[in-house]
Ligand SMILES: Cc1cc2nc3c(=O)[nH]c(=O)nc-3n(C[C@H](O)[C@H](O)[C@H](O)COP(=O)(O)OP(=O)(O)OC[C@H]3O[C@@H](n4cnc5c(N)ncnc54)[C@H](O)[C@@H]3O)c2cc1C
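In structure tokens, one chain follows: the form predicted alone.
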Amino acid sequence: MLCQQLSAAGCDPQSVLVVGGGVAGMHAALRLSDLGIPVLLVERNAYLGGMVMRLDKVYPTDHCAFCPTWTTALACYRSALIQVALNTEVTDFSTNGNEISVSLRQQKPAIDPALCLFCGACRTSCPSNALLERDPQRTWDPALPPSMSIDPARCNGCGHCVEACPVNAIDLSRQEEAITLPVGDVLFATGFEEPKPSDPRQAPEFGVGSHPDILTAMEFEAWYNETLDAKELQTRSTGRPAQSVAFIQCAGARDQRHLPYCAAVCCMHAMKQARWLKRRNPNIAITIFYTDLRAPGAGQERYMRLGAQEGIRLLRARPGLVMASEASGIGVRYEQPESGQAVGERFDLVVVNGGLAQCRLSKAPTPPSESKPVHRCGFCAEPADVATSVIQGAAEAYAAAQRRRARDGGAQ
């Protein structure tokens, strides 16, 4: 499928390979295509949009995160100069003078969208409800015929769907396909990842993974999105209304044991979530524990001040311990700024924010030579919010175009 997907434009040795289909990668690809440069855009997930697709709203405007991302992804799919390869990762790349060779690996979808009749026979036969009435790529473009898809997290491999399919469109072996091809340039836009509870970058004193009501920022984003229809925010452990929420900033970040830098986006992300909660329930008690409030972008300082005016408590303190108790919820221990005394406070939910790390460039890349530096944009270059990532993606696209002109001897 990967070899078939790469058309003559995508296999052009002068193409720019953009690794990562988040907002930075998509805007880099679109700006390159505007300049007439063919692009191969690879994304390891089954959809474009990256982490932004997991957000409800974006600050400081609080507008929908999905809508502008959808239109950008659709433009990438419909561009004649952009080849999109989903479920694809870079496994290796090397340079030899001006030549760049890249190895890619793609996970084949279990259901071939070219064969799927969208009849629903597979879904009816599935005992684990793993069949979805959509294909991630085709969701973006209404012009494409619909196709079923399988959620690998639910699939138990029973094979009932394979037997039920009338056109043999389903193959649960999910074989991988690999290809090596030459490209003219490589631009990485792999974004960030949130450390798992077992990751050494996750500061253990904050208790992530020890209790369902101690959540990471992205887990909390998903949780309150799932409870939109509820009248009040609920705890994950009991389902009862949550009356108090703590946001703990710089958890694992600005910490010499883990990530020594500021992740740049956490303060505004926490305030966005806190203001969302206040709009839903003005009586909910919210505390943001912070080191320094970072609001560098246009409109962000005003956004922070509005949150404080709405009753969100901003407390400059770094908790030293977060611990769950069945009888009293989640306890947070910190040093009181005024007195310097260690105190404890109880919350129904605790959101641990920080420790966002740049994604690795690939599984096992060959280090490029000094004459071929790795070009990055978005969060994998430096911590950046959505707006900054878009700007960086466009800037790196124009830089790639200049490098192409230099290789071509300055021809316009």
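Not measured: the values here are computed from a predicted model. In case it trips you up, residue 1 is the first one in the sequence shown, and so on.
Note that the form predicted together with this ligand isn't included here; everything after this is about it.
For the three marked residues, A246, E335 and D348, no heavy atom of any sits within 4.5 Å of this ligand in the predicted complex. The partner is not drawn, yet in the predicted complex one stretch among 145 to 153, 232 to 240, 70 to 78, 261 to 269 has residues with heavy atoms inside 4.5 Å of this ligand: 261 to 269.
With the partner omitted from this view, the residue of A217, C116, C122, C250 that lies near this ligand in the predicted complex is A217 [heavy atom within 4.5 Å].
Interface residue remark: L32 is not counted as part of the site for this ligand in the predicted complex, having no heavy atom within 4.5 Å.
In the predicted complex, this ligand sits within 4.5 Å of a heavy atom belonging to V19. Looking at G50, you'd find a heavy atom of it within 4.5 angstroms of this ligand in the predicted complex. Contact annotation: E221 falls within 4.5 Å of this ligand in the predicted complex, judged by heavy atom distances. Shown without its partner, the chain has E89, V90 in segment 89 to 125 as residues with a non-hydrogen atom within 4.5 angstroms of this ligand in the predicted complex.
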